[in-house]
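As a starting point, one isolated chain is supplied in structure tokens, in the form predicted alone.
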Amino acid sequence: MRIRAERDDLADVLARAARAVGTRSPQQILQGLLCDVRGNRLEVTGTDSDVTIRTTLEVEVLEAGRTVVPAKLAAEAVRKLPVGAVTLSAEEGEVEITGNGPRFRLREFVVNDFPDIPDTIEAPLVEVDGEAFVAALAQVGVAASGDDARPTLTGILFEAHDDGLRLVATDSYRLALRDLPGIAAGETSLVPYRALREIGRTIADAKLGVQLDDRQAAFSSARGRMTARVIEATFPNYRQLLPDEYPNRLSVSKAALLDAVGRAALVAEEHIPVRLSLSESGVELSVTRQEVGEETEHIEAAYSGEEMTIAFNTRYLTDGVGAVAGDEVVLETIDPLKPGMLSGGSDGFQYLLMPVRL
């Protein structure tokens, strides 16, 4: 196998595929990238067996063939070569990467050891706006758990809702959902968020294809394809947490609220909440930490309902406010002991946050 391509283009396809590679995999072959040259194209595949990313590049083919190169090392080696054309070749157990002087010789992995990963799944393909879809995943993903001991909570639920797609995530302390009208959902699937957040970094484009079945989720574009094994578990019944209505409603500037919570977080620790006192005059934020001091400030806001004080974890509150797409944030509450709902008004995003008992 022997190809020639521009340094930046080759470094890009190698680095994007390498994002699926697990650096601590006990299987050495899974620390490599499969480079398959056919016709005038190079296809690069990286996988950790749960998540697979394939990228492609049109190259000058000097000799077709296949090789498996060390993922991180090969990607970094190409990136650090001088600007210009780079040659990548494999022969007799050795991979050679050269470009304008420098030469890397790397040990080739055994090609036949690389897992055979199906390229297609039996599910209808739905085309979505790539930028909007990635943004929606990021909004909902803030509520996904990072605790692998609770795998059910590390994913985003894809399900049909009102002739569209609903995305839902929860870590049991907060819940985020986003409705995307006009998108056929296909199978209800629970997809690992660690895979979904790679879409924007690897294959996102103006148009994105989505396929879901009971075993895999696939996302594809002109830049490549990512597949992920779905989480085989029952997602919590989140609907029972969503009230029909809220009697109290606060509308406040997103930027002002983020800045205020950020200042409060300087005093607070993880276990110390920020208090929000809601009244017709707006919202007063306060936080007290006995060994440090306190911070208090007032923000102008529109409020309707009974005067009340409700407290939230500062990081969780910041995550929710930051995920709102618009310039205004709406906080709806029932009482200080029941979850509050953050939203931007009309974009279909909702963020349910458990209060901290005072």
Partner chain sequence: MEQFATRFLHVDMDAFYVEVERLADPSLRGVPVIVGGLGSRGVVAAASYEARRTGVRSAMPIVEARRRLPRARYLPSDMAKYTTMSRRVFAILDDFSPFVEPLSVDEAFLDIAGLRLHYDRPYDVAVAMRKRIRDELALPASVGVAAVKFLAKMASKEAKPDGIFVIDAGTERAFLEPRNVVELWGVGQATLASLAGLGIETIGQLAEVPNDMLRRQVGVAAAAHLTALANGRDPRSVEPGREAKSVSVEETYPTDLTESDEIDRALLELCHRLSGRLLKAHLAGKTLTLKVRLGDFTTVTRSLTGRQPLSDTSQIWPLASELLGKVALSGQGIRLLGIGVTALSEGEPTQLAIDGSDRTALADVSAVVRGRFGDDAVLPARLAEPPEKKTQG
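Just so you know, these numbers come straight off a predicted model, no measurement behind them. Positions refer to the first chain, counted from 1.
From this point on, the text means the form predicted in complex with the partner chain, which you will not see here.
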| query | finding |
| --- | --- |
| Interface membership of residue 294, the partner chain in the predicted complex, 4.5 Å heavy atom rule | yes |
| Contact flag, residue 303 vs the partner chain in the predicted complex, heavy atom cut 4.5 Å | no |
| Contact test in the predicted complex: residue 241 vs the partner chain, heavy atoms, 4.5 Å | yes |
| Distance check, residue 356 to the partner chain in the predicted complex, heavy atom within 4.5 Å | yes |
| Options 85-93, 198-206, 173-181, 128-136; stretch whose heavy atom lies within 4.5 Å of the partner chain in the predicted complex | 173-181 |
| Single option in 56, 333, 31, 313 placed near the partner chain in the predicted complex, where near means a heavy atom within 4.5 Å | 313 |
| Contact assignment for the partner chain in the predicted complex, among 166, 275, 254, 225, heavy atom within 4.5 Å | 275 |
| Three-residue site 4, 13 and 117 fully in contact with the partner chain in the predicted complex at 4.5 Å by heavy atom | no |
